[in-house]
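Coming up is one lone chain in structure tokens, specifically the form predicted alone.
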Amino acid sequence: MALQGQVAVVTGAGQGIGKAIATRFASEGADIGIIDVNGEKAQATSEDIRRIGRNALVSVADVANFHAVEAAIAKIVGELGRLDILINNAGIEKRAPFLEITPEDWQRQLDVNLSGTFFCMQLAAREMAKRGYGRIVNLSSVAGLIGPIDLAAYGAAKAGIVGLTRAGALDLADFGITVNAIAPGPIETELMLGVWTAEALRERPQHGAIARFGTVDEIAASALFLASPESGFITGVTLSIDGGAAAAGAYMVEKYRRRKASGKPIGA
């Protein structure tokens, strides 16, 4: 029980990666505070956590609203008694060609993905600093490490999270708080399965060195390590969990071309 007796706040825990992290942490002994804009989905996750045998508290809030986050953190600390871990998972994505991104869509994605991450970090760290211990794990994206197509706003925000993680690691180290990030590549979630075409679901895994999608459980396992006491000498790091896509870089295009030319795509 790596997190026995601890309290973790997970934003965007109503589905996908956030839900997987919240339930995994609960199975490791943590009580969970959930911050999500979708109260119905957040409640469903909280019920799963209670079935595991841990406490769960839901706060419905938009992470882009500083005062809403402030109230949510205060509620969670007040009812669960402490705050040891923050997982910044809440985020939004809206695709548009670079020349067609509206100012409203640009601003909203930065507000939620980047400003929301900062607000949660700052408010959670103020609580952690009182006890001289904390673990913060931010969810960036492979889109923040390499140039995404039709995702300039999202990619810019996720790249900003990498920089924010480094800055937070330096500023918060003297308070016993570590700050790290995870940059997922293509992960099989309800959102992906509901939005991507059958062709995209078949072709996209071929663009990674490991020719399959990642799973939410793999992200949760990595988040667990970075959130655990055993990771105390790791801070300011962004861990890519992307099947080797970022490592391959531009060479992945040639690898994919050769796979198609061979007529034997891996994993098909």
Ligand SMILES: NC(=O)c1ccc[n+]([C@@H]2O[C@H](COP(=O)([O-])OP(=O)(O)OC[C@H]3O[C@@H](n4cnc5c(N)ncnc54)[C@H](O)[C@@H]3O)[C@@H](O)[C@H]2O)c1
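Start at 1 and count along the sequence shown; that's the residue number. Computed from a predicted model, the values in this text were never measured in an experiment.
Although it is not shown, the form predicted together with the named molecule is what the next lines describe.
- In the predicted complex, N38 approaches the named molecule with a heavy atom inside 4.5 Å.
- At a distance threshold of 4.5 angstroms between non-hydrogen atoms, V137 is out of contact with the named molecule in the predicted complex.
- The named molecule is not drawn, but in the predicted complex it has no heavy atom within 4.5 Å of A96.
- Among residues of the shown chain, V9 is not one whose heavy atoms approach the named molecule to within 4.5 Å in the predicted complex.
- Residue in contact with the named molecule in the predicted complex (any heavy atom within 4.5 Å), chosen from E100, E104, D174, E190: E190.
- Of the residues given (K75, R166, R131, R108), R108 alone sits with a heavy atom within 4.5 Å of the named molecule in the predicted complex.
- Heavy atoms within 4.5 Å of the named molecule in the predicted complex are found in one stretch of 152-160, 122-130, 166-174, 76-84, which is 152-160.
- Heavy atoms closer than or equal to 4.5 Å to the named molecule in the predicted complex belong, across 80-112, to the residues N89, A90, G91, I92, R108, V112, ordered by sequence position.
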